[in-house]
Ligand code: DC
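The chain below stands alone and is given as structure tokens, in the form predicted alone.
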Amino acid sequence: MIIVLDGPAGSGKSSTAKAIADKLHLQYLDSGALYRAITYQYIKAGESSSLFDNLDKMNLTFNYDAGNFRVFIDDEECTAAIRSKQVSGSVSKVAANPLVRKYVNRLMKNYASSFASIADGRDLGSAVFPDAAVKFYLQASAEVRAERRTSEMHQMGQEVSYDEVLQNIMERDRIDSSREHDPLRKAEDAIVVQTDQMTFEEQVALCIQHILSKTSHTT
């Protein structure tokens, strides 16, 4: 079984998906972290596009452990490094590459075929898992999303301004929505959750209510 949460950057997908995973004893799959890991490696390689032609040689692995989605490239854990401002500024461009999308989609499908999972991303319900058991689309205003992301980055010790984060989010929205391959969009059968109109606990409870009503899964 796979449950998916799509939506723009900062809409609360990851935190909501992890909370649901923990409450319903599901595995959590962070598609954004996989794109960020490839972006991190792309930057390390001097932004050489040759990386995209050799993705099958990249030893990219991941696991969900004690509430943390951990990402590794070869023997290096890059879980914290992929959240840098530099990676955030380039991830939409890298994620738009069709070779990158094909590679990440294959990783996610292989993982979801082995575990009952919940995943968050941009196009999971519309492109990657069109037969997902339950699909959600989380959304919030760009301003609210920027406030959340700024607070998150400050907690990680990164010095960024709200205006800088807001500009980055709006640019990512533009790129994600207009890219040629698998653009950000709501699947027709997705349940819309307006996350800036409820508390975090309320949005998690609402999603769990829908999951339990639409599947045979139990708490």
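Residue indices: 1-based, along the sequence shown. Just so it is clear, the model here is predicted, and its values are computed rather than measured.
Beyond what is shown, the protein has a form predicted in complex with this ligand; the following relates to that form.
Highlighted residues 18, 135 and 139: none comes within 4.5 Å of this ligand in the predicted bound form, counting any heavy atom. Remark: of stretches 68-76, 85-93, 139-147, 110-118, the one touching this ligand in the predicted bound form is 85-93 (heavy atom within 4.5 Å). Contact check for residue 42: no non-hydrogen atom falls within 4.5 Å of this ligand in the predicted bound form.
Heavy atoms of residue 179 reach within 4.5 Å of this ligand in the predicted bound form, making it an interface residue. The closest non-hydrogen atom of residue 35 lies within 4.5 Å of this ligand in the predicted bound form. Using a 4.5 Å cut-off on any heavy atom, the residues of 100-138 that reach this ligand in the predicted bound form are, in sequence order, 101, 121, 122, 123, 124.
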